[in-house]
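Take a look at this single chain, the form predicted alone, given in C-alpha cells.
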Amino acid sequence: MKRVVGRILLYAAVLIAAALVAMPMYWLVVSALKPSSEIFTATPRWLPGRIEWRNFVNAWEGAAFGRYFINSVGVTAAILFLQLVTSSLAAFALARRRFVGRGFILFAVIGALIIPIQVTFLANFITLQHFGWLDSYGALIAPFAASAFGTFLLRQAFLAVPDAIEDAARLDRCTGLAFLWHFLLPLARPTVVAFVLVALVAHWNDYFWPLIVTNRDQIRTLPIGLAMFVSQEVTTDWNLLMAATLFVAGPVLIVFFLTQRYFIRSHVNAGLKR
C-alpha cells in the first residue's frame, strides 16, 4: 500500500512540475489565437472564445518575417555545419591520436569553455571591421565556425569507443577520416544530436551578436526581427506579438520533439563505457 501511495505521489509531483513548465508555452499559443478583446479580461480565459488564425497572417505581414526566417535558417545551418566539421575533426585528433602539444591544446579548449563568449565580442567586432565584413552574413557566421563545447563533448564521446573497434577497423583498412565517418560519428550519434540541439537553440535565439553587427533588414535574423516588430507598434497588440513569438520558438520546439529520443539517450549513456 505504501508503495502504491508513493508512486501516486511521485506521478502527481511529475504532473505538477510538467504543468508548471508547459504553462508559459500553453499561454503563448492560446494568446496567439485569441482576438484582441480577450487578451486582458477580469478572469483568465484558458481557451479562446473564437480562434483567430488571422493573427499569424497579420503578424507575418507586420514585418519582413519571411526574410528574417530565411536568414535565421541559413545562418544557423551554416554555423551548425561548420561547428560539426571543425569540432568532430578536432575531437578526433584529441581523442584518438598522440602528438606533441595535445595536452596544451586540450587545456586551451577547456579554457575557452570557461571564458564567457561575451568577452570575445569586442575583439571579434574589431577583426570583422578590419576585414570589412560588418553588416554581412560572414559577420554572423565566421565567429562561431568552431565550438570549444562541441570539441570537448565529442572528444569525451570518442574516448568511450573501445580501442578494439579501431583495431578491427584498421584490419579492414578503415583508418583516419574513414574511421571517424563510419564508426566514431555513428557510435556517438546521441552526443552529436545533443550538441546540435544545444547549438541550434543558442544560435537560433541569439540576439546580442546579430544586433551588434547588422544594420539592414536584408540580413537580420528572427530575434532581431521580433524586436523590430515590437518597437514599430504604436499600441502593442499582444495577440500579434504572441503569434510573432511563435515564429521564433516554434521551429526549435519542432526540432526538439523530433530528436528528443537522441537527446535523452545522450544523457542516459553519459559516463557509460560502450
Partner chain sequence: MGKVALALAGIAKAHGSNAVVRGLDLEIFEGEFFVLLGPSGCGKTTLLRMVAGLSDPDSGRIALGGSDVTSVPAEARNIAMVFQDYALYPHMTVRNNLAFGLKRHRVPRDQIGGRIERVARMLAIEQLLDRKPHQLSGGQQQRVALGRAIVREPLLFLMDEPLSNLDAQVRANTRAELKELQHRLGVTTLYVTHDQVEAMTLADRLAVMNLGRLEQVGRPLDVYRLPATLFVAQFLSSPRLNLLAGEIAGGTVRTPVAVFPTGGASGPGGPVQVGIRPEWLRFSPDPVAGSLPLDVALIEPLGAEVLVHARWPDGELVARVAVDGKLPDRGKVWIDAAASRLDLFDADGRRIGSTPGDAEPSNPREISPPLQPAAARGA
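Numbering follows the first chain given and starts at 1. Just so it is clear, the model here is predicted, and its values are computed rather than measured.
Same protein, other form: the form predicted together with its partner chain, not shown, and the subject of what follows.
Partner absent here, but in the model of the complex, which of 88-96, 71-79, 123-131, 158-166 has residues with a heavy atom within 4.5 Å of its partner chain? Checking each option against the 4.5 Å cut-off leaves 158-166.
Taking V198, V201 and N205 as a possible spot, do all three reach its partner chain in the model of the complex with a heavy atom inside 4.5 Å? Checked in the model of the complex: no contact with its partner chain for any of the three.
S136 within 4.5 Å of its partner chain in the model of the complex, heavy atoms: Contact with its partner chain, no.
Residue-level contact is defined here as any heavy atom of the residue lying within 4.5 Å of its partner chain in the model of the complex; does F183 satisfy this criterion? F183: contacts its partner chain in the model of the complex.
Would L187 show up as a contact with its partner chain in the model of the complex if we use heavy atoms at 4.5 Å? Yes, contact at 4.5 Å.
May I ask you to check whether V100 falls inside a 4.5 Å heavy atom distance of its partner chain in the model of the complex? Output for V100 is no: heavy atoms all beyond 4.5 Å of its partner chain.
To verify the annotation, which of these, A178, A146, V193, L113, has a non-hydrogen atom within 4.5 Å of its partner chain in the model of the complex? Result of the distance check: A178.
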